[in-house]
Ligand code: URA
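Only one chain is shown below, in structure tokens, and it's the form predicted on its own.
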């Protein structure tokens, strides 16, 4: 059980003092009943409304962003815009941060949350959450490149990459699936094959696909079933060989 004013402030929509004033004014209902005492304790799972509008008071929140190019995957930077800057103040007040990162010039699916355990599980290589990218390259990839990815590339600085999937697409485009997130990894892997990357977009994390209706810079909260999709196994229909190095999900 949680104090009603604390639960309402947890939404990010109102400060604690604003929440208390709304409650005392009789504008807040919890579980269908209007409550007027800020200190009233309610179940955290009950529906809370203000003037009849449902307010999401969940402690942990999860968002999908179609990251544009030129934006940093960070929470704060004194000189450049960050992905958190793309959200309104009431969402930023939740303390959200990017789950992993995309390079400044890489676009596409990025998750943001205030749930540290979720973020750790999503980015930790031992959990093997597969990230899928569409890359544009200077020259078409070939069978030798596909084999090199499958065997696990060693980069120029000696970094050893886990096995990954490379799928040629039409023209100078390809699909890349990786289960880890080393620095500039996809770009460096393609460069190691002599196919420098000219454009990169992440389209999928686990079984969660980027919502095509967002448009670059657009965002929305994850729907009820989508959080689990991040950790859903796609061994049967996506890339079974990619999972051979890690059985844990």
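Residue numbers count along the first chain shown, from 1. Here the structure is a predicted model, which means the values were calculated and not measured.
Although not depicted, the form predicted together with uracil (URA) is the subject of the following passage.
Remark: of stretches 184 to 192, 210 to 218, 25 to 33, 46 to 54, the one touching uracil (URA) in the predicted complex is 184 to 192 (heavy atom within 4.5 Å). A residue is said to contact a partner when one of its heavy atoms sits within 4.5 Å of a partner heavy atom; residue 106 meets this definition for uracil (URA) in the predicted complex. In the predicted complex, residue 97 stays away from uracil (URA), with no heavy atom inside 4.5 Å. For residue 102, a non-hydrogen atom is located within 4.5 Å of uracil (URA) in the predicted complex, even though that partner is not displayed.
When contacts are judged by a 4.5 Å heavy atom cut-off, residue 42 does not count as touching uracil (URA) in the predicted complex.
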